[in-house]
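A single chain, nothing else alongside it, follows as structure tokens in the form predicted alone.
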């Protein structure tokens, strides 16, 4: 049975008259990757800082690796947490290797892991160069390496792919997949949604400190009931008419057609269209992560104002 790594129950956090979080519930188990999505000022960073034990909640309960993050006995558990902030900053006069060695000593981790990690994030050739010579993407890779020190049981990643090129982004997600397979729980905040969904186990969409939606992508797709696009080739207008599907056609081009169907019609479309001998192409595309994100924001009138995102 999977162990619970993070558990929040009706978590609230206020800063004076500002309610940053309002009744957040969450349970994250080992080997799960949570995609935490929301506009700037939605409460994502506050939630991460509470999990890190940087300050206490105003109300509600919070357990991380079986401990209250603010309790005196949480120090040992904190060594099993990796964190990559959105804006990483290091001592410019140190080399990449010296920076990572410094963090390894702080976490009481064997320094032999340093060179291996730098190689894994693509900094092996630059590890003896001073950080002041690093590009933004290289600094981000160094930040990722320090977050992964000690094979953490919980990894918090805030905009981890900022400054990374497509190859580095792909390699980053490969690292996340590997940690997931090893039982590490991951909370991933990102505004870059394309390509994320195949790496996360579930997602939470927050706005103005509240949870708008939470669950697996499949569950949220079913709840949202957004249209599914079906692309076909080889099916004539007469055949669509005969099958009772002509009203669902949204685009027709020569021998190809796109249909827009409801979520609960998937099996019907498969049963009717797939057996046709003339069919040469059939492709069903579900609502993307971006579609879901915008749906839940607009459904609850939670699109942020310019003041809220600034």
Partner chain sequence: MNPILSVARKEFKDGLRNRWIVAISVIFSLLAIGLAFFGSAASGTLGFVSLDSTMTSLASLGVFIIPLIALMLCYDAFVGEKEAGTLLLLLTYPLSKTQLLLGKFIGHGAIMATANIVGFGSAALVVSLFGENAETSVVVLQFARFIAYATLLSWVFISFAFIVSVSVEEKSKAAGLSLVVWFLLVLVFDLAILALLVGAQDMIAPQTLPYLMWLNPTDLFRLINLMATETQAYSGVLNVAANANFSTPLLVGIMFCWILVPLFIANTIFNRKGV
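A quick note: this is a predicted structure, and the numbers were derived from the prediction, not measured. Residue numbers count along the first chain shown, from 1.
Same protein, other form: the form predicted together with the partner chain, not shown, and the subject of what follows.
Annotated contacts: 206, 288 and 296 are all free of the partner chain in the model of the complex [non-hydrogen atom within 4.5 angstroms]. Proximity of residue 67 to the partner chain in the model of the complex falls outside the 4.5 Å heavy atom cutoff.
Contact annotation: residue 49 falls within 4.5 Å of the partner chain in the model of the complex, judged by heavy atom distances. Residue contact check for residue 78: one or more of its heavy atoms lie within 4.5 Å of the partner chain in the model of the complex. Taking the partner from the other structure, the partner chain in the model of the complex has a heavy atom within 4.5 Å of a heavy atom of residue 54. Between the partner chain and the residues 122, 227, 163, 85, the one pair within 4.5 Å by heavy atoms in the model of the complex involves 85. When you look in the model of the complex, the only residue of 110, 116, 218, 93 with a non-hydrogen atom within 4.5 Å of the partner chain is 93. For the partner chain in the model of the complex, the listed stretch (85 to 93, 196 to 204, 181 to 189, 229 to 237) containing residues with heavy atoms inside 4.5 Å is 85 to 93. Taking a 4.5 Å heavy atom cutoff to the partner chain in the model of the complex, the contacting residues in 98 to 114 are 98, 102, 103, 105, 106, 107, 108.
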